[in-house]
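First, one chain by itself in structure tokens, the form predicted on its own.
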């Protein structure tokens, strides 16, 4: 497994990380034993960065059980807290502390490696940090977490406006950014802002439904053509991204991971799966030779000319 530095944290992270979203956290999808097998297999295959959140149903508790007894130096654990209430007002310092304590208890950890503000909207940044900045500093001094991060929301912030605002404040060490070959817009401003200010970049949603479902991909491209999206007009109607497949890229999912990892500023890219076989395939893609420059250039020529607000984020 290849490793890269996570910004200025001093951490070396595997280029492919394990994301434990809602599917992982839903006990209806897999048994605790299967979840433990998946996590232990990931560690044995060289994955050392794991991302979770309290909002992912039982994911923290399941992870805590899976990691129980694993030497602490073998993994880097990032979790989150949601910084606002249902009205968009900042939560209280007491609510923040309670969320962190619950996460530590469920994960069975004394110290969280990365604590991230979950789904931070651009207009929340100033009021949330005014309300919670002091408590975050106190929790960090107490050793409850090591590094502060900010996770964007691809639904509410499709143009990636939050991290260009957050990175210059000097408060954040890690940025969790939506970055995909179908939606590479983060590289216009968000990723460069992180690079300028030493914020480590973690990529999320590199592969979702459209890169695993040919019919959905064709439908998305067809709709983009009907909208008059300039970038996609020359793509074929059938198998529109087949030109990305080669000996190192047997599937479009593999192409998705190769594209995201090709950006030198991206320290790690999260893969969400319940299957050890899928995880092995994702790792093979992550560790393959770099995506050819001509393919990278063509992806950017196509998808950076589209409008991010007109795509369905959870399909990309």
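Numbering follows the first chain given and starts at 1. Since the model is a prediction, treat every value here as computed from it, not as a measurement.
There is another form of the same protein, the form predicted in complex with a small molecule; it is not shown, and what comes next is about it.
Considering the small molecule in the predicted complex, the lone stretch of 279-287, 60-68, 39-47, 259-267 in range is 279-287 [heavy atom distance within 4.5 Å]. Residue contact with the small molecule in the predicted complex: residue 207 places a heavy atom within 4.5 Å of it. Within 4.5 Å of some heavy atom of the small molecule in the predicted complex lies at least one heavy atom of residue 118. For residue 273, a non-hydrogen atom is located within 4.5 Å of the small molecule in the predicted complex, even though that partner is not displayed.
At a distance threshold of 4.5 angstroms between non-hydrogen atoms, residue 14 is out of contact with the small molecule in the predicted complex. Of the candidates 176, 167, 191, 114, 176 is the one whose heavy atoms come within 4.5 Å of the small molecule in the predicted complex; the others do not.
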